[in-house]
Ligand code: SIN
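Given next, in C-alpha coordinates, is a single chain: the form predicted alone.
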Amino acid sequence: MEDLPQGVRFLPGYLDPLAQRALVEGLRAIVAEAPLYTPQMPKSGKPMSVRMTNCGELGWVTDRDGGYRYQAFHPVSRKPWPPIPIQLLALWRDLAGFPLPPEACLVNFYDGTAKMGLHQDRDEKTFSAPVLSLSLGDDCLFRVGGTKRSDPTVSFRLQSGDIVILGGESRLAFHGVDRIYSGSSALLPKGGRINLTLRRVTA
(Lines give C-alpha, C1' and ligand atoms only; values in the text may rest on other atoms or scores of the structure.)
Protein backbone atom coordinates (compact mmCIF):
# COMPACT_ATOMS: atom_id res chain seq x y z
CA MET A 1 0.00 0.00 0.00
CA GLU A 2 2.84 2.41 -0.84
CA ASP A 3 0.46 4.60 -2.86
CA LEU A 4 -1.66 5.64 0.12
CA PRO A 5 -1.92 9.39 0.72
CA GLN A 6 0.61 10.81 3.17
CA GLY A 7 -0.70 10.47 6.73
CA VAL A 8 -2.96 7.46 6.07
CA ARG A 9 -1.98 4.35 8.05
CA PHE A 10 -3.38 0.94 7.11
CA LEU A 11 -2.95 -1.87 9.66
CA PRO A 12 -4.36 -5.06 8.10
CA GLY A 13 -5.47 -7.84 10.45
CA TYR A 14 -4.58 -5.86 13.57
CA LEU A 15 -7.26 -7.57 15.67
CA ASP A 16 -7.26 -11.37 15.65
CA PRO A 17 -10.55 -13.31 15.43
CA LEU A 18 -10.74 -13.88 19.20
CA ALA A 19 -10.39 -10.16 19.92
CA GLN A 20 -12.96 -9.38 17.22
CA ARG A 21 -15.52 -11.73 18.76
CA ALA A 22 -14.95 -10.27 22.23
CA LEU A 23 -15.47 -6.77 20.89
CA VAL A 24 -18.68 -7.75 19.10
CA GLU A 25 -20.06 -9.11 22.38
CA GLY A 26 -19.33 -5.77 24.01
CA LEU A 27 -21.05 -3.97 21.16
CA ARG A 28 -24.22 -6.01 21.72
CA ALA A 29 -24.51 -4.47 25.19
CA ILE A 30 -23.95 -0.99 23.74
CA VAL A 31 -26.65 -1.43 21.11
CA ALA A 32 -29.04 -2.79 23.74
CA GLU A 33 -28.55 0.42 25.73
CA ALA A 34 -28.28 2.81 22.76
CA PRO A 35 -30.19 1.19 19.84
CA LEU A 36 -29.20 1.63 16.22
CA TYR A 37 -31.17 4.32 14.42
CA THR A 38 -31.17 5.76 10.89
CA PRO A 39 -29.53 9.20 10.65
CA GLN A 40 -30.88 11.82 8.24
CA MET A 41 -29.10 14.18 5.89
CA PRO A 42 -29.30 17.86 6.84
CA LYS A 43 -31.98 19.99 5.15
CA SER A 44 -33.33 17.22 2.90
CA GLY A 45 -34.03 14.74 5.69
CA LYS A 46 -33.01 11.92 3.34
CA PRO A 47 -32.17 8.78 5.35
CA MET A 48 -28.60 7.55 5.19
CA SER A 49 -28.03 3.96 4.08
CA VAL A 50 -26.20 3.05 7.30
CA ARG A 51 -27.73 2.63 10.72
CA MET A 52 -25.72 3.93 13.63
CA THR A 53 -25.28 4.60 17.31
CA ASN A 54 -22.44 5.92 19.47
CA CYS A 55 -20.57 5.36 22.69
CA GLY A 56 -18.45 7.75 24.73
CA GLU A 57 -18.97 11.15 26.32
CA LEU A 58 -20.20 12.51 22.99
CA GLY A 59 -21.89 11.03 19.96
CA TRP A 60 -22.05 12.20 16.34
CA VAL A 61 -25.59 12.72 15.07
CA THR A 62 -27.29 14.29 12.08
CA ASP A 63 -30.88 15.12 11.18
CA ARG A 64 -32.84 17.42 8.91
CA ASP A 65 -33.13 20.36 11.28
CA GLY A 66 -29.99 20.19 13.41
CA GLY A 67 -27.42 19.11 10.84
CA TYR A 68 -24.10 17.45 11.65
CA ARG A 69 -23.10 17.76 15.31
CA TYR A 70 -21.96 16.08 18.50
CA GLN A 71 -24.19 15.72 21.54
CA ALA A 72 -24.10 13.86 24.85
CA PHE A 73 -27.29 11.84 24.40
CA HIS A 74 -29.05 9.45 22.02
CA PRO A 75 -31.37 11.40 19.66
CA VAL A 76 -34.26 8.93 20.12
CA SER A 77 -34.05 7.72 23.72
CA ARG A 78 -32.49 10.99 24.96
CA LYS A 79 -30.31 8.93 27.30
CA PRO A 80 -26.53 9.40 27.69
CA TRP A 81 -24.32 7.29 25.44
CA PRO A 82 -22.73 4.15 26.95
CA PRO A 83 -18.99 4.32 27.72
CA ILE A 84 -16.38 3.35 25.15
CA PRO A 85 -15.25 -0.28 25.64
CA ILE A 86 -11.85 -0.70 27.25
CA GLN A 87 -10.59 -2.67 24.23
CA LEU A 88 -11.10 0.39 22.03
CA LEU A 89 -9.51 2.75 24.55
CA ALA A 90 -6.48 0.45 24.55
CA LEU A 91 -6.28 0.59 20.75
CA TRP A 92 -6.34 4.38 20.90
CA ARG A 93 -3.56 4.45 23.51
CA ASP A 94 -1.43 2.09 21.45
CA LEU A 95 -1.96 3.60 18.01
CA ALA A 96 -3.24 7.18 18.06
CA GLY A 97 -0.09 8.89 19.31
CA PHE A 98 -2.24 11.47 21.08
CA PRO A 99 -2.12 12.22 24.83
CA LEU A 100 -5.86 12.62 25.39
CA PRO A 101 -8.48 9.86 25.13
CA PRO A 102 -11.20 9.69 22.46
CA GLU A 103 -14.50 11.29 23.38
CA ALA A 104 -16.68 9.64 20.75
CA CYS A 105 -16.91 6.28 19.06
CA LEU A 106 -19.27 6.09 16.10
CA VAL A 107 -20.82 2.67 15.54
CA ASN A 108 -21.96 2.40 11.92
CA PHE A 109 -23.72 -0.74 10.67
CA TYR A 110 -23.65 -1.47 6.93
CA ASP A 111 -25.96 -4.06 5.42
CA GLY A 112 -25.21 -5.48 1.98
CA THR A 113 -26.56 -2.43 0.15
CA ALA A 114 -25.19 0.38 2.33
CA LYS A 115 -22.56 2.86 1.16
CA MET A 116 -20.90 6.00 2.43
CA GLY A 117 -20.10 8.77 -0.03
CA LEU A 118 -16.82 10.65 -0.04
CA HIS A 119 -16.72 12.99 2.95
CA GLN A 120 -14.40 14.65 5.45
CA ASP A 121 -14.55 14.19 9.22
CA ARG A 122 -14.55 17.88 10.12
CA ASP A 123 -17.26 18.37 12.74
CA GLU A 124 -14.73 18.22 15.57
CA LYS A 125 -13.31 21.28 17.33
CA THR A 126 -9.76 20.00 16.94
CA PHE A 127 -8.00 18.23 14.08
CA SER A 128 -4.77 17.60 15.98
CA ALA A 129 -5.90 14.09 16.98
CA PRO A 130 -6.23 11.37 14.34
CA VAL A 131 -9.37 9.44 13.44
CA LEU A 132 -9.02 5.71 14.14
CA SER A 133 -11.34 3.37 12.24
CA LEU A 134 -11.81 -0.37 12.87
CA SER A 135 -13.65 -2.79 10.56
CA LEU A 136 -15.64 -5.78 11.83
CA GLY A 137 -17.62 -8.28 9.77
CA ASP A 138 -18.00 -8.27 6.00
CA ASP A 139 -15.31 -6.76 3.77
CA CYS A 140 -15.82 -3.38 2.16
CA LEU A 141 -14.26 -1.39 -0.66
CA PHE A 142 -12.76 1.66 1.03
CA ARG A 143 -11.73 4.77 -0.88
CA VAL A 144 -9.49 7.59 0.32
CA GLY A 145 -8.05 10.66 -1.34
CA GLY A 146 -6.69 14.07 -0.47
CA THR A 147 -8.06 17.09 1.32
CA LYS A 148 -9.84 18.31 -1.81
CA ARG A 149 -12.79 16.45 -3.27
CA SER A 150 -11.15 16.62 -6.69
CA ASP A 151 -7.91 14.95 -5.52
CA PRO A 152 -7.12 11.46 -6.85
CA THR A 153 -8.36 8.57 -4.71
CA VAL A 154 -7.06 5.11 -3.85
CA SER A 155 -9.41 2.15 -3.28
CA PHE A 156 -8.62 -1.01 -1.35
CA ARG A 157 -10.47 -3.79 0.42
CA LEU A 158 -10.89 -3.66 4.18
CA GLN A 159 -11.42 -6.92 6.05
CA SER A 160 -12.57 -7.73 9.56
CA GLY A 161 -9.92 -6.69 12.09
CA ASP A 162 -8.30 -4.09 9.82
CA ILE A 163 -7.57 -0.59 11.12
CA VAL A 164 -7.22 2.66 9.16
CA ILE A 165 -5.91 5.82 10.79
CA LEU A 166 -6.31 9.28 9.24
CA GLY A 167 -3.87 11.70 10.82
CA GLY A 168 -1.41 14.45 10.08
CA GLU A 169 -1.67 15.58 6.47
CA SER A 170 -4.61 13.22 5.89
CA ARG A 171 -6.66 14.08 8.96
CA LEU A 172 -9.15 15.85 6.67
CA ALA A 173 -8.80 13.46 3.74
CA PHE A 174 -11.93 12.65 1.78
CA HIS A 175 -12.90 9.01 2.24
CA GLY A 176 -15.87 6.70 1.82
CA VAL A 177 -17.18 3.17 1.38
CA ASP A 178 -18.20 2.19 -2.17
CA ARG A 179 -19.55 -1.31 -1.55
CA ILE A 180 -19.98 -4.16 0.92
CA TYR A 181 -18.92 -7.72 0.04
CA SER A 182 -21.83 -9.65 1.57
CA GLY A 183 -20.99 -13.03 3.02
CA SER A 184 -17.24 -12.42 3.13
CA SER A 185 -17.11 -12.83 6.92
CA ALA A 186 -18.84 -15.09 9.43
CA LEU A 187 -18.19 -12.78 12.41
CA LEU A 188 -21.72 -11.35 12.49
CA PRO A 189 -24.37 -14.12 12.43
CA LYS A 190 -26.70 -12.13 10.16
CA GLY A 191 -23.93 -10.62 8.06
CA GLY A 192 -23.09 -6.99 7.48
CA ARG A 193 -20.22 -4.75 8.48
CA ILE A 194 -19.62 -2.70 11.61
CA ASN A 195 -17.31 0.30 11.42
CA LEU A 196 -16.06 1.76 14.69
CA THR A 197 -14.60 5.26 14.47
CA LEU A 198 -12.78 6.76 17.45
CA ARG A 199 -12.53 10.55 17.55
CA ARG A 200 -11.32 13.31 19.82
CA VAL A 201 -13.89 16.10 19.59
CA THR A 202 -12.66 18.96 21.79
CA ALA A 203 -9.24 20.58 21.96
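All values reported here derive from a predicted model rather than from experimental measurement. Start at 1 and count along the sequence shown; that's the residue number.
From this point on, the text means the form predicted in complex with this ligand, which you will not see here.
Colleague: Can you work out whether this ligand is within 4.5 angstroms of a heavy atom in all three of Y110, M116 and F142 in the predicted bound form?
Modeller: Heavy-atom distance to this ligand in the predicted bound form: all three under 4.5 Å.
Colleague: Classify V177 as contacting or not contacting this ligand in the predicted bound form by the rule of any non-hydrogen atom within 4.5 angstroms, answering yes or no.
Modeller: Residue-level check for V177: yes, a contact with this ligand.
Colleague: If we define contact as a non-hydrogen atom of the residue within 4.5 angstroms of the partner, is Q20 a contact of this ligand in the predicted bound form?
Modeller: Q20: no contact with this ligand in the predicted bound form.
Colleague: Does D121 reach this ligand in the predicted bound form, with heavy atoms at most 4.5 Å apart?
Modeller: Yes.
Colleague: Look up in the predicted bound form whether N195 has a non-hydrogen atom within 4.5 angstroms of this ligand, and give yes or no.
Modeller: Contact with this ligand, yes.
Colleague: Quick check for you: of 89 to 97, 102 to 110, 75 to 83, 122 to 130, which stretch puts a non-hydrogen atom within 4.5 Å of this ligand in the predicted bound form?
Modeller: Selected range: 102 to 110.
Colleague: Can you pick out, from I165, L158, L58, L27, the residue that has a heavy atom within 4.5 Å of this ligand in the predicted bound form?
Modeller: Only one listed residue qualifies here, and that residue is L158.
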